[in-house]
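Starting off, we have a lone chain in the form predicted alone, written out as C-alpha cells.
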C-alpha cells in the first residue's frame, strides 16, 4: 500500500475519527474544568454589593480550596489568630466568605475581591461586643496590602507544595479523584507560580514604600499594575473613602484629590485596581453597584445626641465649616490647594497630569473607556454626611478623631493605632490608644513619608465649649 492509498484507507479514517474525538473530549474537559464561567446572580442589591463578582476571578482569583486552607497551613504568616479576620476582613455570622470576597466558577471555584472589602465599616460598642457593619463607608479594619502580602508570603514558603496543600484540603473536603489530580499536578503549582510572578511583575515597587495599614490604599498599584507606568518612587498613601449618598454628591469631584468628575469612571477604575482587566471587567455588575450607591443613605449616628448642645453647634458649623463641608457650600466638592490647606502633599504628587493623560487613553476602543481623569493641586473638600463614621480624618487618615481635628496640628497625636473598631463616642472616632488598641491595631507613625498630620487647622482657635458644641452637631450630619 503506497502513502496515498493509506490515507484513503478505512484504517486511517478510523484513526482520524478516534483522534478527533479524543481531542474534542480532552478539549471540552479542560475547558469545563479550567475556563467555564458560571456567574452567581444576587437578587438583593446589598448581597450583590457584598459578594457579587466585578470580573476579578479569572485574571486574579485564587482557587477556592487553596484559599480556604492557606490560613490553616500558614497561620504564622498572619498578624494574629482568626484566619482572614486577622487581616481585618469583615465576616458575617453564618456566611461562607468574608464581606468583599467573591466565589465564582471559572472552570473551578475561584475567590476574588470586590468593592465591599474596602467599603464596609466595622463598629463595636465595646471590646466584647459583636461588630455592626455599615456599607458604603471606608473600612475601619481591612488591610488590602496585608492580604496580598500574605498570599505572596505563602507562595515563598517551602510548605507551599502540592502534598501539603492537598493534605489540608482532604482533611476538610472529600474532593473527587479527577479534581484531586488537577489540583495536585496543575492547579497548585500554577497558583504558586502565578503568585510569585504577580509579586515580581506587579508589586515590585512595594518593599520600598511605607506600610499602608488598615483602611488605606495607594495609587501605585493602579499606575504600576494596571497602566504599567515606570516606577517614579512616589508614595501615594491615602485613606479609603466613603462612597454612600452619591446622588447628593452629583457634580462633585471624586477621589481624595479630585481626580475624576464622574462616579462611573471612579467605580470602574476601582475594579481594575482590584485585579480586573480590560477583557474581564464586569461593566453591568459595576453599573448595578453604582446605581445602588447613588441612593445608599449615609448612616445615622447610632448613639445618643445632646440635641440642645447640637443646636448650639449648628451656627458654629454654618459660620466656620459650611462653605467647604455643607451641601451647597461655595467650595464643597471642589479641590482646595495644598498651599492653602497645608496637608501632606505626597498623595497628590503621586498622580501627575501625565498619568491622567495616559489613563484617559488606556482603554481607547472599549465602549467604557476613560475620559475624565485629571490631576489637581490639592485635596477634595467633602460634605460631612456620616462624618462620625469617616474617621480617621484627613485624606491620609492621619488624625484619629474629631477632637484632634480641632486641635492645632502640633498638638495632635504623633503616633496612634488604627484598625481597632471599638468606637470612641467621646471623641468621634475609633479608640486609638491603650493596650487593646495596640494589640489589635496598626501603629500609625505621622513621621513616616505620606503620613503627616499637619494642616487643616480650621476650628483650632475655637473655645473648648464651642468645639464641644460643634462636635455634637457633627453627629447629626
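Positions refer to the first chain, counted from 1. Remember, predicted model here, so these are calculated numbers, not experimental data.
Missing here is the form predicted together with heme C; even so, the following discussion is about that form.
Contact with heme C, judged by heavy atoms within 4.5 Å in the predicted complex, is confined among 86-94, 152-160, 175-183, 323-331 to 323-331. Taken together, the three residues 115, 246 and 271 all come within 4.5 Å of heme C in the predicted complex, as judged by their closest heavy atom. The closest heavy atom approach of residue 102 to heme C in the predicted complex falls outside 4.5 Å. Heme C is not shown here, and in the predicted complex it never comes within 4.5 Å of any heavy atom of residue 78. With a 4.5 Å cutoff on heavy atoms, residue 405 counts as touching heme C in the predicted complex. Remark: residue 54 counts among the residues lining heme C in the predicted complex, judged by a heavy atom distance of 4.5 Å or less.
267 is the sole member of 187, 267, 298, 226 with a non-hydrogen atom lying within 4.5 angstroms of heme C in the predicted complex. This chain is displayed alone, yet in the predicted complex one of 192, 255, 110, 141 has a heavy atom within 4.5 Å of heme C; that residue is 255.
Along 335-371, a non-hydrogen atom within 4.5 Å of heme C in the predicted complex is carried by 336, 340, 341, 343, 347, in order along the sequence.
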